[in-house]
Structure formats: structure tokens, C-alpha cells
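One chain comes next, on its own, written out as C-alpha cells in the form predicted alone.
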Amino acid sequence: MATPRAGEGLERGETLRVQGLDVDYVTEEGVVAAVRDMAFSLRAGEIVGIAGESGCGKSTLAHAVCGLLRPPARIRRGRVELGGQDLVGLSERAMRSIRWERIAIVPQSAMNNLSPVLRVGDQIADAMLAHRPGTRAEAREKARGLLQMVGMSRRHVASYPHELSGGMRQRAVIAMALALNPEVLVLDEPTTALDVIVQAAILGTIRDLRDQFGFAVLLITHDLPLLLQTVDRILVMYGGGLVESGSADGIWRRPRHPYTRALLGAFPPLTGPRARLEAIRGMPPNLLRPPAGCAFAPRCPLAGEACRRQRPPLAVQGDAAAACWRWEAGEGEG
């Protein structure tokens, strides 16, 4: 497995750049603004995490980045640049030559993404042969090496998915995603329904492979503490938009946005004595009819009149950013 190609034409080693991305779902009731004005970049060898509650737009963003959106979803505007090439608007045939080859995704629920009637090795081999010439015997042999690389036995090339544990199935899907040496690996809730020991082992494998081969990782999860232990940078989404970004250490030590602080307060602390957990009151916004101002204002204990009237811009301070009127006024820090 050779070192992945770095993105060309992007700044400071960027391999993926998302700019002004809006994704809608067109329904009979109206247009749901699932992702709005999303912008971030991903450098080669970097792990960036995206956190937020269910329904905040994380998986929609992942599918948009990988060109996997289907009606009623649509990209209304924006760019998704991979190595300087805009993927938005490419035909499905053009995307097939890029997907798995340059950008690969590990979707939610590994069991649902493996055929129950095909052996694991054959499914990995099919992914390779669909993109590159070779014999099935050669592809199966490479599949054995890929399974070994993600911490499985080479003999599992002949296993059916139902013969594997949940963690092993997830590793098999990761092996398939890495089969063609992509530049970017998108992981959409890769540890859902797995116990904490298996979660740590799988994420440790991802970090080791990243260190070895240099691909970039976009890791999507609702589990913010899990990201704090795994990634270089964190993007926090709420109501379809980006509300905070910064280094993992910076967000842990000094979260700026009230929603980020509320997320951290809803999980047990990573270190120190046990603390009382606080649920986030209220419900996420209805994206069919989003609030006029800050999407978090109806649930925010710091919200004022300005928060309810006008959506705050993403304000940058050093390597951190937050969309909060109270932070701009110096009241959202701490």
C-alpha cells in the first residue's frame, strides 16, 4: 500500500475543502435545510471530527462530501474540492471513478453494508476489481493482507458477515474502504452499538493506519468525548450549521459555544471525580421551519433578544471559531 497522493493546488497541504455547502431535502411539506453554509478543510494526515446530536446534519454532510446524496436530497450551492477538483455536479459515472479510489466512506451499521450471501474476501475483491485490472486470485490475496492490516486473521477472507462479531464486521468494512488507497477516509458513526473497549481498539487501528499511510480522516459521531481522545480538530454542528471549531485540546479546556459546553456536560468526564450529568433541555430545531436567529437560542440559558432575532456569524479567534453573539460580547467564554 503506497503513500496516498496529497491534494494538489490547495493551501497548506489541504486535500479536501468544503466551501459554502448547502444541502436541502425537498419534501411535500417544504424544503428542509439539512446543511447550511458548511465550510472546513482537511489536510493530508489529519483527523478531523464532526460532533452533534442526531439530526444536526452530520451524515447528510458525509454523503454530500462523498457524492452519495439521492433525491429528495440536493446540493443547492457550494463546493466540495478534492485535490483541487470540485466534486459537486459531477455525473455518477465520474464519481464512481473517484469514490473508493480517492475518497472512501465507512457508513453507519457495518452489517447493513456487507452482503449476507457473499464472503467478506469476495466483497473486498469486488471493490478492487471494479476499479483496477487484475485477477480474482490476486484481489483475494490482497484482501487477506487488508484484513490482517486492520487486526483480523487472514482466514476471515472466507467468512460470511454473520460469522463475525460487530467489531470484526466494522474492521472488514474499514479494510474494504482502504483497499484502493484513498486520500480521504470518511467514517460515519463507525463505533455505534460497539462497547467502549472495541471502540477504542478500532479508533486506535485508524490512528495507526493514518500514521503509516498518511490519509486524511473525517470522523463523524455524536460522542464528543470520544472525539476529544481521537482527533486533531473538532467541528461542532447544530441545526445544520457549524457552531464551533477548534483543536481537540482547545475545545476540551475552553469550549466557546453554549451548545458545545452543554454537550460536554451531558457526558461523563474523561478524568477526575464523577460529576452530575446535565441533559440538554428542549428539542433540536425543526429544520423545515428553523428559528430566525441562532438555532440553539430556544434551548440556550444565555440567549438574549439579539440571539433570537439574528443568526450569529462564525467569529474566528486564533485557531478557534464560534457562532455565538454572547462570545462576541465576551460573555460566552469559560
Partner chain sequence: MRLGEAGPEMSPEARLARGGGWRGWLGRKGWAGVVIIACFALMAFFAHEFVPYSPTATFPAWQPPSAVHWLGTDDYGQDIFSQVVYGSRASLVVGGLAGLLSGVIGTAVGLVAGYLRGLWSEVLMRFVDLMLVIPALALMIIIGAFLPSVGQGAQILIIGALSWLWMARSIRSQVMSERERGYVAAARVVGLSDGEIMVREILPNVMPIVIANLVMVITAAILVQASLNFLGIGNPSTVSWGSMLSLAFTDDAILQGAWWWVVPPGLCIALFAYGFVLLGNDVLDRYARKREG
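Residue numbers count along the first chain shown, from 1. Please read all numbers here as calculations on a predicted model, not as lab measurements.
What comes next is about the form predicted together with the partner chain, which is not displayed.
Contact check for Gln85: every heavy atom lies farther than 4.5 Å from the partner chain in the predicted bound form. Contact annotation for Gly304: none of its heavy atoms lies within 4.5 Å of the partner chain in the predicted bound form.
In the predicted bound form, the partner chain stays beyond 4.5 Å of every heavy atom belonging to Arg36.
The partner chain is not shown here, and in the predicted bound form it never comes within 4.5 Å of any heavy atom of Arg43. Contact annotation: the partner chain lies within 4.5 Å of heavy atoms from the stretch 24 to 32 in the predicted bound form, the single such stretch among 305 to 313, 24 to 32, 43 to 51, 290 to 298. With the partner removed from view, the residue among Thr205, Gln148, Gln229, Gln108 that has a non-hydrogen atom within 4.5 Å of the partner chain in the predicted bound form turns out to be Gln108.
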